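One chain comes next, on its own, written as C-alpha cells: the form predicted alone.
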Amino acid sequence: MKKTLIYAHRGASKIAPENTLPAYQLASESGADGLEIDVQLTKDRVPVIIHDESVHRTTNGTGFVQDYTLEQMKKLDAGSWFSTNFSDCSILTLDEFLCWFQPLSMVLNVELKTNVIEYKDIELIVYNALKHHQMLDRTVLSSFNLNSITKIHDIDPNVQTAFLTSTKRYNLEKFAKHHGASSLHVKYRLLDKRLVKQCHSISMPIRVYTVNRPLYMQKCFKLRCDGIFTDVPHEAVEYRQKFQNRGD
C-alpha cells in the first residue's frame, strides 16, 4: 500500500524558526519524506524563502519583502524571534536552499506566495531555478492563486502543480484540474472520504495541511491521502509507523 508522504511544513517549524536552514536540517533528520517552503521576490527580483509578505513577524526588520534588496534582507536576523539559540539565522535565497537540498533523497513543495502580492514573473524565475538544479521531477509548485497555477502549466505542462485552498467548492478536484493543477492541497477541515475518492478517481494526488494532531494524522493515513504537511515531522513519522504496524 502506498504510504502517505510527510512534508515538513516550513521545516521542523515547531522546534526551529520556520523557513530557516536549521528547521530544514532537523526535518531531514526526522525521516520526513519532503519539505515545504514559501517563496517571495525581493526588490531586485531574487527569490527568497519567507512565509509572510512582510518581514516583521519572523525577523528583526519591518516592512515588505518586495521593498528589500537581497543585500538588505541578508542583514536581517531571522532566528532570534524564535529563540536566542538561532540568532545567527538569515533568510535563505531559493538558490542557497536548492544547493543544500539537491543531494538529499527528499521531495519538495514550493509554495508561490502570490495570493496577496502577484510578483511579476515569479513563476518563471522559480521554474528556471528548479530546472537549473535539476529539481523539476521531484518538486510540486503550489499556490492559492489560480493565475500562478495556470502560468506554471503554460510554462511546462509536465511540472507538478497544486491548487491550495481552504474553501469548500462543488467538484473541487475538477475545478483545480480545469485551471491546470495536477494535485490538490486542502485545509484539514475540508478533508473527507468522498473528496479523496473523487481526487483519486481522476488520478489527482490530494495532500492536507496543516496536520499536527495525532488524531488528524491518523485520519489522513486511514483515508490514504497522498501527503500531509506538518510542523512536527518527527512526530508524524512516528505515528505513521505505528499506524502501519497496526495494519489499518
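In this text, residue numbers run from 1 along the sequence as written. Note that the structure is predicted; figures quoted are calculated from it, not measured.
Beyond the structure shown, there is the form predicted in complex with a small molecule, which is absent from this document and is the topic of what follows.
Against the small molecule in the predicted complex, the set H51, L164 and Y209 is in full contact: each member has a heavy atom within 4.5 Å. At a distance threshold of 4.5 angstroms between non-hydrogen atoms, S148 is out of contact with the small molecule in the predicted complex. Taking non-hydrogen atoms only, Y24 never approaches the small molecule to within 4.5 angstroms in the predicted complex. A residue is said to contact a partner when one of its heavy atoms sits within 4.5 Å of a partner heavy atom; E111 meets this definition for the small molecule in the predicted complex. The small molecule is not drawn, but in the predicted complex it has a heavy atom within 4.5 Å of D38. Residues within 4.5 angstroms of the small molecule in the predicted complex, judged by any non-hydrogen atom, belong to 103-111 and to none of the other stretches in 127-135, 167-175, 103-111, 150-158.
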